[in-house]
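Okay, here we've got a single chain as structure tokens, the form predicted alone, with questions on binding and movement later.
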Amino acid sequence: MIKIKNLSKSYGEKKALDNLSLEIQEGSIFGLLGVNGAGKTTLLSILNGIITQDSGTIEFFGLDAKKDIKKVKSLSSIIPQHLAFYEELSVKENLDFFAKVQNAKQEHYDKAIEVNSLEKILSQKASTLSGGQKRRLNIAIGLLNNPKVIYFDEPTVGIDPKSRNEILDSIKEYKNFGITVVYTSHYMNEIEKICDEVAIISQGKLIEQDRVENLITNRSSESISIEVIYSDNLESLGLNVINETTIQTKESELFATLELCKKHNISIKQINYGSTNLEKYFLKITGDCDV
């Protein structure tokens, strides 16, 4: 597994990571959630050896990630948000080039093509690919070195829903190859769909880490969320406000909450019992909405 202990990183007076500790299990799909500036990118950069931490340690499957950074890099791959291939080359020419650079084995080359469903477009020029096909090529290049860990930094930005689902389905298959995935996304439904476990980071600190199903069921089993028409006086009424259109309450307090809403002319759209989703839970514990 990856063990991160007391990791800190500052840029001048700003603390990007503040004594952060967490563990990522081998063979899991691990989600990183946090608002812009929470420290996600800094953490990925340190894990990939792009920058170094000020203090703290990272144990990468038994290796000291700082001392053995070359070995760690050889066992890792990061799939960036931007496209990192040559538009003027065909899909096959791109794969051939990056396979040669990475000294990739034929079996890993073939697996990268198969998992990302590129067989039918190998001869196609990269510039003519759809957004989803370009993303799949980007991911395939990252698989050529047969990584033990793949870091995904918002890989589905700007693509259609069908292509997004295809990419998410392919990522879920990586577990069958024993690959550990670390995944960041602005789409919390993606995290819910593919991740086994999630760490929520705020201002460089770990707020909570748990399995996805625990975050969206156990934490909310006794709660009821009430969706209302926007009202600017929810906070002043002493209600447990998740965001500007959602109130959370307990079953024992439901009647009093509804009476309070009625008294102040707050229109109710919907009442949800006993369950929530990751986005609502995130908003509840962080108070942030710019993920």
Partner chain sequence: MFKAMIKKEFLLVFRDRHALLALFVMPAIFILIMSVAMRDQFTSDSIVFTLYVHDTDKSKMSKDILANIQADKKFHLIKDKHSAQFIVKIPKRYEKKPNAKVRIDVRDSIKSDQIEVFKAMLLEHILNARLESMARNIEDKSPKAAKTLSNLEISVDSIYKVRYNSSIHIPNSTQQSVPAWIVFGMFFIIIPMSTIYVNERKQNTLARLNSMNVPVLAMSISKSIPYLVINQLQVLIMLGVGMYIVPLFDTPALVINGSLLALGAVSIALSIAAVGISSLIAVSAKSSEQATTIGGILNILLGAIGGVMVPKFIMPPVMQKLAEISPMSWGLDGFLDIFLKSANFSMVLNNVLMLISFGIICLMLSILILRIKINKGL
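Given the structure is predicted, the values throughout are model-derived calculations rather than measurements. Positions refer to the first chain, counted from 1. Whichever C-alpha set is largest while still superposing within 1.5 Å between the two forms counts as the rigid core.
In what follows, reference is made to the form predicted in complex with its partner chain, a form of this protein that is not presented.
> Can you say which of 177 to 185, 90 to 98, 163 to 171, 108 to 116 gets within 4.5 Å of its partner chain in the predicted bound form, counting heavy atoms only?
Replying inline: Of the options, only 90 to 98 has residues within 4.5 Å of the partner.
>> Just checking whether Q209 would be counted as a contact of its partner chain in the predicted bound form - the rule being heavy atoms within 4.5 angstroms.
In response: Heavy-atom contact with its partner chain at 4.5 Å: absent for Q209.
> Counting only non-hydrogen atoms and a 4.5 angstroms cut-off, does L83 reach its partner chain in the predicted bound form?
Replying inline: Judged by the heavy-atom cut-off of 4.5 Å, L83 is in contact with its partner chain in the predicted bound form.
>> Residue-level contact is defined here as any heavy atom of the residue lying within 4.5 Å of its partner chain in the predicted bound form; does S74 satisfy this criterion?
In response: Yes, contact at 4.5 Å.
> Does the 4.5 Å heavy atom contact test between I79 and its partner chain in the predicted bound form come out positive?
Replying inline: Yes - in the predicted bound form, heavy atoms of I79 and its partner chain come within 4.5 Å of each other.
> Between the options L215, I141, C195, I201, which residue brings a heavy atom to within 4.5 Å of its partner chain in the predicted bound form?
Replying inline: Selected option: I141.
>> Give me the residue from T246, T249, S231, N48 that has a heavy atom within 4.5 Å of its partner chain in the predicted bound form.
In response: For this set of options, the contacting one is N48.
> Aligning on the rigid core, do we see the C-alpha of S10 shift 2 angstroms or more between the shown form and the other one?
Replying inline: It does, since the S10 C-alpha is displaced 2 Å or more between the shown form and the other one after the core fit.
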